[in-house]
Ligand SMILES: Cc1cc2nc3c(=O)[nH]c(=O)nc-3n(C[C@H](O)[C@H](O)[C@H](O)COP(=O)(O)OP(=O)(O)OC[C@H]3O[C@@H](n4cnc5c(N)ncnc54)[C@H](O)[C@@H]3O)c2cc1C
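The chain below stands alone and is given as structure tokens, in the form predicted alone.
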């Protein structure tokens, strides 16, 4: 054997797996197709935004009190910014700010929405997320809640998403931001001391060899190992970019198909002057929407910077990605214009802009996994070891309750590593 375990992918799941293996004294090689670590946790310093750090993908350490990455950051002395505490909020109803009574009603909407979901799920095995708002026909905020929980947070249209999966992965606690960005934190604190080979995509994985041996083919040659942990996205799995020999069991392919990639798009617009739209720094802006309308919330002047950042997900994000960057910028401006009027065009004319493009990344093919209605068991099924633990899958798609987060990817990778260790011990 060239190594004990080969890990495919140096995102958070792959780094979590490799860290657990290294700490246990198990030989491990990580193969990463791209030229960097972190996967969908990626911090850049775009010139269009003045060179400040900007997270292209993951933004928060969710449920920080139970997040395994939080103690890593604290042990290293990293500053963790409390996003929930420094953020202010503005909600619009039409082109005006919501009244105090409307805001109070909005504050209770999450509880009403969750209660309606629980009632439906007590009666049915599963329902589409869209069934929840339909069960609240007289609630003026039900469509807004659906827009938040479906396209914005879970990056998929509500009629294509499992309500049970949504409830299974509902997180509490606080959201923290490592100063300098989540992606930079992952690269700085989670990848040290590991054998990571960048620019080395896996093209074929031959598994179930003699004694369970695994052989991974790459453009740089083949690597043999006792076990292999595959941490690529479900979008990459579905694309056929990696060939499995023998073919994966139908249960694995079906589980991956039940967890298709959704898309989230960030559009950042830099101001060309001093106007701040009469908003405080680090202000989140959203609005009440009706059924069928698109919600694009904005974070305005984050950390005192001179840009606003909008977020749109689901089919609208896919459509904008297909239409091109200019269409995404125009869409964001139109959403802001509906709230703040023509001053928006003057403020952002000629300013820099940035549009994320996870749809076009061949090593991601979307933002993160979603779950088809009726398939909420797929996450756990995909994480089931194959070949007596010689082939394993890990990643944000494989974890509950931290699905679609860096924490879920990290935990899933560490769980897969423990299963791989048992396979290694058995081969010895």
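Since the model is a prediction, treat every value here as computed from it, not as a measurement. Positions refer to the first chain, counted from 1.
Note that the form predicted together with the named molecule isn't included here; everything after this is about it.
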Contacting member of 298, 166, 185, 358, with respect to the named molecule in the model of the complex [4.5 Å, heavy atom]: 358
Using a 4.5 Å cut on heavy atoms, which of 202, 332, 147, 156 is close to the named molecule in the model of the complex? 202
Check residue 311 for me: does it contact the named molecule in the model of the complex (non-hydrogen atoms, 4.5 angstroms)? yes
Quick check on residue 5: any heavy atom within 4.5 Å of the named molecule in the model of the complex? no
With the partner left out here, check for me: in the model of the complex, does some heavy atom of residue 49 sit within 4.5 Å of the named molecule? no
Determine whether any heavy atom of residue 393 comes within 4.5 Å of a heavy atom of the named molecule in the model of the complex, and answer yes or no. no
13, 33 and 58: each with a heavy atom within 4.5 Å of the named molecule in the model of the complex? yes
Would you point out which of 320-328, 227-235, 94-102, 116-124 contains residues with a non-hydrogen atom within 4.5 Å of the named molecule in the model of the complex? 227-235
For a quick check, can you give me the residues of 33-48 that have a heavy atom within 4.5 Å of the named molecule in the model of the complex? 33, 34, 38, 39, 40, 41
